[in-house]
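Given next, in structure tokens, is a single chain: the form predicted alone.
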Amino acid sequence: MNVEELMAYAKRRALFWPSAEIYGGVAGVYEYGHIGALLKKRFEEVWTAYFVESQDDYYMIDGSNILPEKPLVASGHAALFNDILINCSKCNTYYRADVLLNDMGIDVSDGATVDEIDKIVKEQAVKCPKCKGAMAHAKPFNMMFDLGIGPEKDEKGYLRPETAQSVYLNFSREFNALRKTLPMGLAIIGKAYRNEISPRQGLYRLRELIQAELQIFFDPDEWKPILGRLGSRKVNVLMYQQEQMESITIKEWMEKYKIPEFYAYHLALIDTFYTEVLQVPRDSFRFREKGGTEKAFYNKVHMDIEVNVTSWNGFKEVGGLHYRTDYDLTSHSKGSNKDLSVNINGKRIMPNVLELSFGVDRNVWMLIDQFYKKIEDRDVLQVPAYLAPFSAGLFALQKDEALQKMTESIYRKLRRHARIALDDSGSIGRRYARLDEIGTPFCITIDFESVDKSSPNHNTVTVRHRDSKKQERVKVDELEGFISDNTTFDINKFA
């Protein structure tokens, strides 16, 4: 499925579309329809259960979208949160330099400097795609959205460029509230805002985006998670300056590349999340190390999480695992003149941070890309059942009074425990097709045997399975348990 087909499907089935579409839309800003909002919510729920709620010392918080200027000066965003901008000297069309050059088949690293961009443009004689004019000199462009705070707008502020800053600013309060122990994990799912130069990659490059992040504060001398069976888990990794991806066990990778054990442990957890929880095929998933100018200067180890996204013809980033050392709390200590170091077992330390960062919108796109399939004469979104927007579809076989009465009774009972889609329009085949296309794992049909007291199938319904099309009879009073057993995310299966 290519980008155009995916976008057409997303609009047709109420997943997502450009914001203010009736006015022509706005680049890099999207709306979620009711199916997309449910799919996104399911991903967020499963992510939270797996990375946060399954841990004893990890907690969700929620921070403000608006930040004053000083924290973002201290964090480095005010000076360094830049992309390289380049414009045509003739028609004045602006481009993000690396995107423009990559689209022309010219390789440019993520961390390319202004001078490097200018050199490439000159050597390759790059012209404006729009008017063939000469390109002006490249320059840095800060991607933060600035705003004035107060009635006179005399206090400068910004929409937060990443959710992580909300966590660092609340570290001290949470540390004191949580019995002053490490490691301590603070997670957040929320909006971040980036004034992207040329956001034209669907949900992959947005000006308003959703992040799911977990920041783990720890003492690097003391935190030693036990790898256990995770050590023998094979992962696909592409290390910096290597051309070939290698499949290697976590323990071998850790020893070969001198990776800290706490980092390797969490890389294994992420691998499990994608290949087992989300069920992304093993050969479509990998970690790619960033180094040199691609890696943020404060990261000691930086691995991107990548999935082979067919609509974009290759591996695309969906998240990252970053060992940020003590940079963040040290920076905010200096910027605020507040000591954020802590006393642990009689030792004063500045906690280090391990960051697990995921783009929620990117992962929604990735799930559709991976699991929307044409199977024979059907279009099916084959996401795992616990990620499906609706747990089941429910309908009467025909518009018969007895069938509809029973359908309504069952719906009232089931809706208290699961998201159920009612559908009474068209033939049974058309209803199956609509629910297959939005990923509904089970369709429940009330037929004449269900209401016939003389039938051995009285008070049973037909349950049809999305993937196999298998049908089985299930007792009405067992439906709630059936749906719960087959659609609830059970973290214990992946522990």
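Bear in mind that the values here come from a model prediction, so they are computed numbers and not experimental data. In case it trips you up, residue 1 is the first one in the sequence shown, and so on.
The same protein has a further form, the form predicted together with another copy of the chain, not shown here; the description that follows concerns it.
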Residue stretch of 144 to 152, 236 to 244, 104 to 112, 256 to 264 approaching another copy of the chain in the model of the complex, non-hydrogen atom distance within 4.5 Å
144 to 152
Arg173, Lys347, Lys122, Lys399: which sits within 4.5 Å of another copy of the chain in the model of the complex by any heavy atom?
Arg173
Have a look at Lys130, Lys90, Lys373, His417 for me and say which one sits with a heavy atom within 4.5 Å of another copy of the chain in the model of the complex.
His417
Quick one: does His34 come within 4.5 Å of another copy of the chain in the model of the complex, counting heavy atoms only?
yes
Does another copy of the chain get within 4.5 angstroms of any non-hydrogen atom of Ser331 in the model of the complex?
yes
Does the 4.5 Å heavy atom contact test between Pro71 and another copy of the chain in the model of the complex come out positive?
yes
Just to confirm, Glu21 within 4.5 Å of another copy of the chain in the model of the complex by heavy atoms?
yes
Any chance Ala14, Ser54 and Thr488 all have a heavy atom within 4.5 Å of another copy of the chain in the model of the complex?
yes
Contacts with another copy of the chain in the model of the complex, stretch 164 to 200 (heavy atom within 4.5 Å)
Ser166, Leu169, Asn170, Arg173, Glu174, Ala177, Leu178, Arg179, Lys191, Tyr193, Asn195, Ile197
